[in-house]
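Below you will find one chain, with nothing else, as structure tokens; this is the form predicted on its own, and questions on how it binds or moves follow later.
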């Protein structure tokens, strides 16, 4: 069983609480991401699950077994570290086979151990059993590195090294795969490619995967569910769609994607729509709130921009503003627009040949009421 349950987990370092009552329920076969800024506790949570940190209080279960007192090498977890932690003096084959050698070493007699030590020192001195050779080459073929088996890891690219680290974790057939920011050392194009590779392998194998990242794009594009953490606490757990469209707090709205955040007061409710007034704006929202003072969240792509004399008659929630900056980003044009004391970020789809509005130009904007979120 590869499910993972974390119950009321806390961790203190020298009296400082790094984790505060963390609760997670990760299903077997799920790709689960821990997302948050540096220092939020996501890596500490993973290290507690792996057994590299001992919780101050709380329980960790892998399957139906509590593992708090079980050492890391007996938790049936595979770990991919941020730095990859590959052995530079070993080639690709030897790096991947290392964990199988250690497993065999722990279960062998003295005579068999001598041969294992020899091949750990140098592959030329000790012959690998056929079952290990077969298993290692199969996993290397799976991650498309079989033709690099005899190459030193120092001679590989960053993406290839990352796949060696992944193969080394998978060759043990762990119940749970733990990945601690494994893509942070790669360039943007390679990160995108490796995201697809990792997701494909995870889905093919159906292995429970816990992925730590501070990059919201990584978490949103790869994970089935995401736990957003801040200051050692889990702020919200949900699917990427839930977190983006229904953030529970202003912090999550800002951290998961780009948001415009306005302070407003709910002054009325008309035809099932909340009426919110603020500095330089009045908006209608399809959401209701138990609070009078609210944070109004509007995603940049949900704002439609019109020239002042071309506003459609059915436009909702009209706002008037002045363009401060226009930024061409290829498929979109991003406008910074001043309304009152607020500067809104607006993303519009760009079509080849169309004109881009200039700084200083007056425009009007509309937002559908269902796109106006209240927190």
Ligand SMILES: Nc1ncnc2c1ncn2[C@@H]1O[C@H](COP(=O)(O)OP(=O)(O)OP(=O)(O)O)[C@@H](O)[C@H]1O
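Since the model is a prediction, treat every value here as computed from it, not as a measurement. Numbering follows the first chain given and starts at 1.
Just so you know, the form predicted in complex with the named molecule exists too; it's not on screen, but the next bit is about it.
Across the options 328-336, 346-354, 310-318, 37-45, residues that bring heavy atoms within 4.5 Å of the named molecule in the predicted complex belong to 37-45. Checking 304, 195, 214, 263 against the named molecule in the predicted complex, a heavy atom within 4.5 Å turns up for just one residue: 214. Proximity of residue 363 to the named molecule in the predicted complex: non-hydrogen atoms within 4.5 Å are absent; the residue sits far from the partner. By the criterion of a heavy atom within 4.5 Å, residue 181 is counted among the residues contacting the named molecule in the predicted complex. When contacts are judged by a 4.5 Å heavy atom cut-off, residue 18 counts as touching the named molecule in the predicted complex.
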